[in-house]
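Quick heads-up: it's one chain on its own, the form predicted on its own, in structure tokens.
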Amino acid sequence: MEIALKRSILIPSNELYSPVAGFYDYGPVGKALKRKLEEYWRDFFLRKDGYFEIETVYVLPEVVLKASGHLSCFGDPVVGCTKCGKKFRADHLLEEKGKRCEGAKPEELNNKIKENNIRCPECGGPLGEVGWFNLMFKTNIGPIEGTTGYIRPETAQGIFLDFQRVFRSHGSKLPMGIAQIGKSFRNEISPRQGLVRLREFSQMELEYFFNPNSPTHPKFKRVEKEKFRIYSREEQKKGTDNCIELTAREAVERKIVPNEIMAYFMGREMQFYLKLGIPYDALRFRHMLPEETPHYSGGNIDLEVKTSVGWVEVIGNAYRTDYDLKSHSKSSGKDLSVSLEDGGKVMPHVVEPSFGVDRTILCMLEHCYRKGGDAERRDWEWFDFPAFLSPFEAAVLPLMKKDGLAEKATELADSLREKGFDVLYDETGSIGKRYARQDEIGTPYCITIDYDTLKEGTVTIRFRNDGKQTREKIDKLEEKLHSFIKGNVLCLP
């Protein structure tokens, strides 16, 4: 976090005043990393499988969230201190004392707090009764009071509301995938751990609509041998961290995963996160306990990443059955079932992989972070991002600002930008300090303009991971960079 703040990868929101917990801005480097991650997700999960992407509004009328169940059920247990008045997540206070309380009701949490003599973490005062706090931000639509709306707590509901129109205009055939990347808002009681629990955050969500009589995926064979680790319900109840390793096929056959569709996405998710630089042994799928699983769900399995703050959920995989479409159909009076090619009608079922963008970025920052002191004798910290995800693909650095070197370097930087590369230009400080700055933000290639450039039309390319350099002709530079990025070449070949 120190280097992320130092290099403006992340910026505390409203920093000029007293920052409010649960909000972060992305600086130029962080925004570039976020954009690359989202675009890679689009390519990996949408373009390759032919799914559709839409964009829906942030503000939803109350009737929508009443139908979806958010108005009555979307909240967390809250408890206040009777002495200082501060409020806390009741379950978090117990978890911090090593007490498991997944899915516990307020009355159960009350009893546990009393049994364990939990007191206010701020002043040590006694805690009151546990209540329920709805996490949605409430607003009023228009100038007349009483037209209540809420800022969306997830991107999924907009997809369900638009499903019928998208289905009719794009082939009227199941299965169909509809996705959305965008912001969601949750008025968290106690935001914490940086990007782990925010009040404003980004999601990448995919809703896969299918015929419940045919819960298979046409590309399942491509991932059926993909291995992943599952943290089973049995091991969770025992209190161990033991995981079992299964293939996607085995997970379906053992009925841990409800169908091939969810197993397909789980296999693809493993491939995706390994590409982001997260190691295999830092990834596990946690089978949510029955008391945590929503009543309408046919199965929920989270992908978690091991970090310095513990295991962090980055994806929620949910078999949402037909709950959402059926609820909106009943509430609106509109039939959301669809006609099949054989003349029958069904209410589509849905499998939803929901990715947390900010949490994923946090995990990338941690697992790609290097302390320095390596073989190159670097004494600075740096990020070992995959080349294709690095915020900037190259930096152009004139050796000196004089003798036309800066002008030549500026010209080269502009030329590379016109060819589609994300390029930084830096002429301030010694060349060693500039290399360090680029390492610190994960730039894989530094291109130095020196006096030989003016004579021979060549430049040096420095590779981030080993610090070694090679000399290349400027007219071959575009081809070389494309080759290095595509092959994730981070050391001198």
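The first residue of the sequence shown is number 1, and the count goes up from there. Note that the coordinates shown come from a computational prediction; the quantities given were computed from them, not determined experimentally.
Below: the form predicted together with glycyl-adenosine-5'-phosphate (GAP), not depicted.
Only one listed stretch (109 to 117, 92 to 100, 347 to 355, 122 to 130) carries heavy atoms within 4.5 Å of glycyl-adenosine-5'-phosphate (GAP) in the predicted complex, and that stretch is 347 to 355. glycyl-adenosine-5'-phosphate (GAP) in the predicted complex comes within 4.5 Å of no heavy atom belonging to Val396.
In the predicted complex, glycyl-adenosine-5'-phosphate (GAP) lies within 4.5 Å of some heavy atom of Gln203. Contact annotation: Trp380 falls outside 4.5 Å of glycyl-adenosine-5'-phosphate (GAP) in the predicted complex, judged by heavy atom distances. Contact check for Val338: every heavy atom lies farther than 4.5 Å from glycyl-adenosine-5'-phosphate (GAP) in the predicted complex. Checked against glycyl-adenosine-5'-phosphate (GAP) in the predicted complex, the candidates His328, Arg284, Arg249, Arg186 yield a single residue with a heavy atom inside 4.5 Å, and that residue is Arg186.
Site annotation in the predicted complex: the residue of Leu198, Val423, Leu389, Ala104 reaching within 4.5 Å of glycyl-adenosine-5'-phosphate (GAP) with a heavy atom is Leu198. Along 151 to 168, these residues reach a heavy atom to within 4.5 Å of glycyl-adenosine-5'-phosphate (GAP) in the predicted complex: Glu154, Ala156.
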